[in-house]
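Given as structure tokens, the chain that follows is alone and in the form predicted on its own.
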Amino acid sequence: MKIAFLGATRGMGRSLARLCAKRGDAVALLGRDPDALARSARDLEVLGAGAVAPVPCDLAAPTGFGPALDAAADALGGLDAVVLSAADFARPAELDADPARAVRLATLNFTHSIAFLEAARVRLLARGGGTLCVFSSVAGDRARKATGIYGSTKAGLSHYAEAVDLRDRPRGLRVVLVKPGFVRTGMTADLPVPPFAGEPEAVARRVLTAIDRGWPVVYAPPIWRVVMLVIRALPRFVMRRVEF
């Protein structure tokens, strides 16, 4: 498989890219930090990737999305799949104290993320289809005190991914919507660890299975599908009382 990642130099994206490399996939790494891209590229080459192409791309600069995807396709000889795992995160207190920070998070996680996915969608469809893998979050499944703005962006991203799946699957585009629960990554290093916390490699294995089989939605760890089924059913007066 020829697969491009935006957000694979750390966290769950990095674990997923490493699994792809171990089985010999050709991988394009899109990212903003040249040093991180170079380190990740060397790591994937050692693991056995069929090819590795580091490509400069910043989620904050949408005019670069199309050229970066074109460069990735040129380097690998086409693309079968594109994965977006890059995202911004901040605690509610940080966002309350800095409105500009909240706007940046909302812009990156929703507006710019959709702009990137649209650029990838058009290119995949132009070559007959492929897989578009979108990392959303269980935080988008139900409004909660602790994840108001972040969860809102993920809810919007989930809605977008479902709409694309409804429209474009008949044209050969498979959309895989990933809804991780709490995963132990650098992004969550300072947060209290809740029950059912997942590890990046285990989450990555489940996501790779979803990509290979074309599952439209994947919860990871899988227990979060049941957890969110319960959470979504709770009445609002209960949600006001719980500290979830």
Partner chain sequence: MTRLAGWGGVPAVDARERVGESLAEVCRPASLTRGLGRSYGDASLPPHAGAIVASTRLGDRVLAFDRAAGVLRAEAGFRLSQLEELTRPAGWVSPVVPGTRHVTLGGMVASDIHGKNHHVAGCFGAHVRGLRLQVADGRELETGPDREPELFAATLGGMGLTGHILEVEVALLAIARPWLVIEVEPAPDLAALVARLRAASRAWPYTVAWADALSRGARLGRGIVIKGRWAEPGEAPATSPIHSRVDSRLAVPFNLPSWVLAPASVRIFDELFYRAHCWSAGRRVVHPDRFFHALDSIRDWNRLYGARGFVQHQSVLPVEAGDAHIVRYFETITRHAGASFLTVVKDCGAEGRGLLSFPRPGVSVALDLPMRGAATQALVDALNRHVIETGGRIYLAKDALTRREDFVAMEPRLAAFDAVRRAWDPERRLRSALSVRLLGDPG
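Residue numbers count along the first chain shown, from 1. Values in this document were obtained by computation on a predicted structure and should not be read as measured data.
Absent from the display: the form predicted in complex with the partner chain. The rest refers to it.
Enquirer: Can you pick the stretch from 171-179, 50-58, 215-223, 32-40 whose heavy atoms fall within 4.5 Å of the partner chain in the model of the complex?
Expert: In short, 32-40.
Enquirer: Give a yes or no for residue 201: in the model of the complex, does one of its heavy atoms lie within 4.5 Å of a heavy atom belonging to the partner chain?
Expert: Residue 201: contacts the partner chain in the model of the complex.
Enquirer: Any chance residue 194 has a heavy atom within 4.5 Å of the partner chain in the model of the complex?
Expert: No - in the model of the complex, heavy atoms of residue 194 and the partner chain never come within 4.5 Å of each other.
Enquirer: Does at least one non-hydrogen atom of residue 184 fall within 4.5 angstroms of the partner chain in the model of the complex?
Expert: Heavy-atom contact with the partner chain at 4.5 Å: present for residue 184.
Enquirer: Quick one: is residue 232 in contact with the partner chain in the model of the complex, heavy atoms, 4.5 Å cut-off?
Expert: Contact check for residue 232: no, nothing within 4.5 Å of the partner chain in the model of the complex.
Enquirer: So which residues in 1-36, when you check the partner chain in the model of the complex, have a heavy atom no farther than 4.5 Å from it?
Expert: Sequence-ordered list: 9, 10, 11, 14, 18, 22, 36.
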